[in-house]
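Just the one chain here, the form predicted alone, laid out as structure tokens.
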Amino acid sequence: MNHLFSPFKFKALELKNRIVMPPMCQYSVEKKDGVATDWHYLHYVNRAIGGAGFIIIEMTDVDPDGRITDNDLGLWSDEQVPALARIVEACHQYGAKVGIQIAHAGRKAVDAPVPVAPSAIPFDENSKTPRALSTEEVKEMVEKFRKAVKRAINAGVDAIEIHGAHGYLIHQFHSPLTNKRDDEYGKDLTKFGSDIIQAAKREMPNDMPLIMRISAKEFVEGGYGIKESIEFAKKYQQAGVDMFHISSGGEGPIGSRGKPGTHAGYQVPLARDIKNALHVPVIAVGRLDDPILANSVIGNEDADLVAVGRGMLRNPHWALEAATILNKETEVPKQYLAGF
């Protein structure tokens, strides 16, 4: 039976354990140029030293106006590649593999003068009204994603994650709540995401996994549920997604900071449903900080990998501590052996 410290292999991605550091925005770019700083370097490399098997670098945007804030990471320029490459190389040195989440915030781009979206519907009454992208601009956006993926590969990452969750641009396209278009990207709500997936795959080595993060359930009136997300996930799987990272919410005021979302493991059933319906590896996430709970998600075959967010924000060495609690073997840096 597999457990949290069992190795995991899928295509060319070989992980020493099943512990994932999920993408979590640091809002720490200093010059608003999208370039990773020493904070990002220390943040990610410390989690590699601390035993995480797979680190997914935070939401990294394909366009300056696609950032949630001007302090977010970007990959719209070749000048942003070296700082990311430095992080990836150091994480590899300490035994972790690295992915990166490629994204566009769409109508949730707070600092954009005029955000863009599939339709001119604001996020809430306090948000800017976005401008609907023209059909030609949608196609140009796909190209921006392709170029960002190419730059990520040049930075040496081991996997790509496309962000299709949390109410950001791809989610906005596949949600009937936010896509009211009458062109080809409105008639097929998954076309935008599928076009991006296919463009990404053209840049990626054949043996590199493409991950997609999705919100498997919308917590707003009239929002989609697991039945609908299984159907659009199948479309994305056909387009080329190899693995899904299962989250929820993001398009309304309810979600992980409200109800539902207050109990441990609240998204695990969604991950299990996607895994069983699509026969595809999945990453479970959402209040899985307790090592015993995280271990049970793997042992019960609810998911293949477990992402621990808040736990790793509190403790960079969460994985080493989890091994102690679970009485599992893991490599501890020699400098820290006395502590274990």
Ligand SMILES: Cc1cc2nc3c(=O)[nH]c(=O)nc-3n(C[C@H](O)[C@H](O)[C@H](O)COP(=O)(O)O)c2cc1C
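For every residue, the number given is its place in the sequence shown, counted from 1. Bear in mind the structure is a predicted one, so any value in this text is a computation, not a measurement.
The discussion below concerns the form predicted together with the ligand, not included here.
- When the ligand is considered in the predicted bound form, Lys32 lies well away from it, no heavy atom lying within 4.5 Å.
- Taking the partner from elsewhere, Asp304 is found to have every heavy atom lying beyond 4.5 Å of the ligand in the predicted bound form.
- Although the partner is absent here, Glu58 is a contact residue: one of its heavy atoms lies within 4.5 angstroms of the ligand in the predicted bound form.
- The closest heavy atom approach of His104 to the ligand in the predicted bound form falls outside 4.5 Å.
- Proximity to the ligand in the predicted bound form, taken as heavy atoms within 4.5 Å, picks out 159-167 from the listed stretches 92-100, 139-147, 199-207, 159-167.
- Residue-level contacts in the predicted bound form: of Ala52, Ala271, Val308, Ala36, one residue has a heavy atom within 4.5 Å of the ligand, and it is Val308.
- Proximity of Pro22, Arg213 and Arg287 to the ligand in the predicted bound form is complete: all three residues have a non-hydrogen atom within 4.5 angstroms.
- Residues from 321-340 do not approach the ligand in the predicted bound form: none has a non-hydrogen atom within 4.5 Å of it.
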